[in-house]
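Shown here is one chain on its own, the form predicted alone, set out as C-alpha cells.
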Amino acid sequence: MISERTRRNLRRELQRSLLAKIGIVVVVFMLAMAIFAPFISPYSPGQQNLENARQPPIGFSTKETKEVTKMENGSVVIENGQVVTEEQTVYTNATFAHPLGTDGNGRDILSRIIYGARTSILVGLFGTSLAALIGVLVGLSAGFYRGRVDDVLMRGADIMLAFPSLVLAIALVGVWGQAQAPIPDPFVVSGIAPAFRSAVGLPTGMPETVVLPGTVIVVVALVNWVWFARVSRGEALSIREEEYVKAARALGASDGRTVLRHVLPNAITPILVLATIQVAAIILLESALSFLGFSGADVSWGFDIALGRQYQSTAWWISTMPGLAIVVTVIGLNLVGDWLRDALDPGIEGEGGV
C-alpha cells in the first residue's frame, strides 16, 4: 500500500511541475493507443496498396520526374524505329485517408505507429520487469550478505558493464536466434473490435495476435539488470544497518523474511524510479535492434525506420514519423521518472515548477 505521506508528496510535486503533467499525459496517451489499437487504427498495419505508395502526410506534397512514352493524338510517337520518351513531372498530394502518409508498399504509417507502440511498449515493460527481477535479487543478496557473496555477484555485474549494451545484445540475439511469442489480441479474438469497426465504417481484418520478439525481451533484460543490481545493493548496504533490521534478526527472523519484509520495502523507491527510466532505455534498445534487423518483429518503430532508409531523399516521412513516436515516448517516460524521483526521494531537491 502507498502511504499517505507518499501520496501527498506525489500530489504536491505533480501540482508544482508542468513537465510532470506533460509526461503523464504522453505516457497515458501512448498506453491507451497501444491497448486500444484495434479500435482506433485506421487500417491493418500490414494492409498494402501499391497505388498509394509513398503518399506524403497532411500539409505536404511531392514532386517526382518520370520518363514516360510520348503520345500524340492518342498514338505512340516513333522516330527512326525507336519509341520516343519524354520527362513528365508528377505531383502527389496528401489525403486525409492517410494523415501521416504511406510507406513504400502503400501501408498506412499512422496504423503502423499505433500497432508499433504495442511491440515497443510491451518489450519495454516486460524487459524492465525481468531485468528488475534479476537485478534486485542479485543486488539485495550482495548488499545484505556482503563479503564473498558481494564480491562474486558484483564482479559479475562489472563484467557485464564492460560490454557495450548494443553489441552485447546483438551477440546474444545472434546466438539464440529470433524467437517470437504470439499473444492473442482479446479485442479481436472476442469479436468486439471487428464489430465496433464495422459499426463505424472502418476496415476490418485487424491482426488477431500481437507478435512479441521473445528473444529481444530476454536479451534486453540480461543487458540491463546490472543497473538494478547496483542500485538495490547500495540500498541494502545501508538498510541492513538500521535498528529494525537488527531487531528482526535478533528475534530469529530468517534472512529471506528479513529481506522481503524489511529491506526490500524500504529500498523500493529508487528501484521504481530506475524502472521508469529503464523502460525508456529498453524501448530505445529494442528500436535499435529492430532497425538493424535483429528483432524479428515486422511491426515495430525501429523496423519502420529501417524500411524508410532507401526513401530518405524522396519520402522522408516513412522514417521520421516512427522516429518521432520513439522520441515523444522516451521523453514522456523520462519526465515521469523525474517526477517520481523528486516526489519519492526527499533527499533530492525537486526540479519541477515550470
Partner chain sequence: MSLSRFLIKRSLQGLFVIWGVITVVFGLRFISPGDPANVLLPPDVDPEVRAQVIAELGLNEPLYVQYWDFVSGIPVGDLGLSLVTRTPVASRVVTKLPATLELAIAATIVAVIIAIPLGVVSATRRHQPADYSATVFSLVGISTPNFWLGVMLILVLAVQLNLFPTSQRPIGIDGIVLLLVGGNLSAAFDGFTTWLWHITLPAITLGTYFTALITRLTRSGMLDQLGQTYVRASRAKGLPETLVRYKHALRNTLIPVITVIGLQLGTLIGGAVITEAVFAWPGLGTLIINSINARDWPVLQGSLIVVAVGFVLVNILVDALYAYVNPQVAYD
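Positions refer to the first chain, counted from 1. This is a predicted model, so every value here is computed, not measured.
Not pictured, yet referred to below: the form predicted together with the partner chain.
None of 102 to 110, 165 to 173, 76 to 84, 201 to 209 except one has non-hydrogen atoms within 4.5 angstroms of the partner chain in the model of the complex; the exception is 165 to 173. Taking the partner from elsewhere, every residue among S313, V330 and L335 has a non-hydrogen atom within 4.5 angstroms of the partner chain in the model of the complex. Although the partner is absent here, D255 is not a contact residue: none of its heavy atoms lies within 4.5 angstroms of the partner chain in the model of the complex.
Using a 4.5 angstroms limit between non-hydrogen atoms, L307 is distant from the partner chain in the model of the complex. Remark: L284 counts among the residues lining the partner chain in the model of the complex, judged by a heavy atom distance of 4.5 Å or less. Using a 4.5 Å cutoff between non-hydrogen atoms, G323 counts as a contact of the partner chain in the model of the complex. Contact annotation: of the candidates I159, V90, A250, A195, the single residue with a non-hydrogen atom within 4.5 angstroms of the partner chain in the model of the complex is I159. For the candidate set L292, I35, I58, V28, a heavy atom within 4.5 Å of the partner chain in the model of the complex is found for exactly one residue, namely L292.
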